[in-house]
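One chain is shown next in structure tokens, namely the form predicted alone.
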């Protein structure tokens, strides 16, 4: 069982980053970005191009994919989400769902529809594996957990410890009030979306050596990240991270006990249970943030 928990924390780290991205975009735009999972796939594919076309190491691929995700996020907000917002929140949600299929078939045309391998961060095609107490722990799993902690620390420092991060939070909490004190609300929203997409691309690269990159996994990743965000609390960044990790652990435990075919329906069913029993999530406040 402990082996399944380790595997679940690894996969759950990717869900946690997706859930955090959903939280950031929700705070900034008041809508759920259902295309978040496809940006995870796109980030992994960008890193694949760096490692296979440029023959660079996966570390450079991580940097390029994260920076590329940030740039794509700026474009996504400016030319997709912002124009759609003129039609209301429902229009933005519908547009994000449409982007799922644009990105899905788009990256299939460029990279193909089959999953592709990424090199391990420890170097080489084979990962380093340690055995302790009957549990196998791969170096890449430790890298994933370490990178998740690094991302959480960087986000906390940016939003809590920097002036611009606080300005973004102010823009999300009260757009009118933020504009009155001179904050560029549109720019703050744009940067928020860019950070969320960069997180997705970052997550796609760090878990890519284990799960492979590309293919049609984006929809499942987005849904499980959303389930994690709801379980942990959509208005709580800590809750989103914990919820994503819990979804990963539950998924792997179910796969170990019931097989791959039974795990997904039960994990998706957790969304219904969470909404019925504790809609604010484990860490969320009872007073939801609404317009």
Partner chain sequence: MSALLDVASLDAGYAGLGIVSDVSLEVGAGELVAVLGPNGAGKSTLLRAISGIEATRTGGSVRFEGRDIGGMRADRIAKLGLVHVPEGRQLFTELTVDDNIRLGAFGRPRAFVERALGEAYERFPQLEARRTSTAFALSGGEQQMLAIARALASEPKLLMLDEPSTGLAPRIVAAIFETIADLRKRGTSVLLVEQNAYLTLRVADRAYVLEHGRIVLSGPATELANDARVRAIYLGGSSEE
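Small disclaimer: the values here were computed from a predicted structure and weren't measured. Residue numbers count along the first chain shown, from 1.
Beyond what is shown, the protein has a form predicted together with its partner chain; the following relates to that form.
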Which of 200 to 208, 135 to 143, 159 to 167, 69 to 77 sits within 4.5 Å of its partner chain in the model of the complex, heavy atom basis: 159 to 167
Contact label in the model of the complex: residue 176 to its partner chain, heavy atom within 4.5 Å: yes
is_contact(residue 27, its partner chain) in the model of the complex, heavy atom dist at most 4.5 Å: yes
Touches its partner chain in the model of the complex: residue 182 (any heavy atom, 4.5 Å): yes
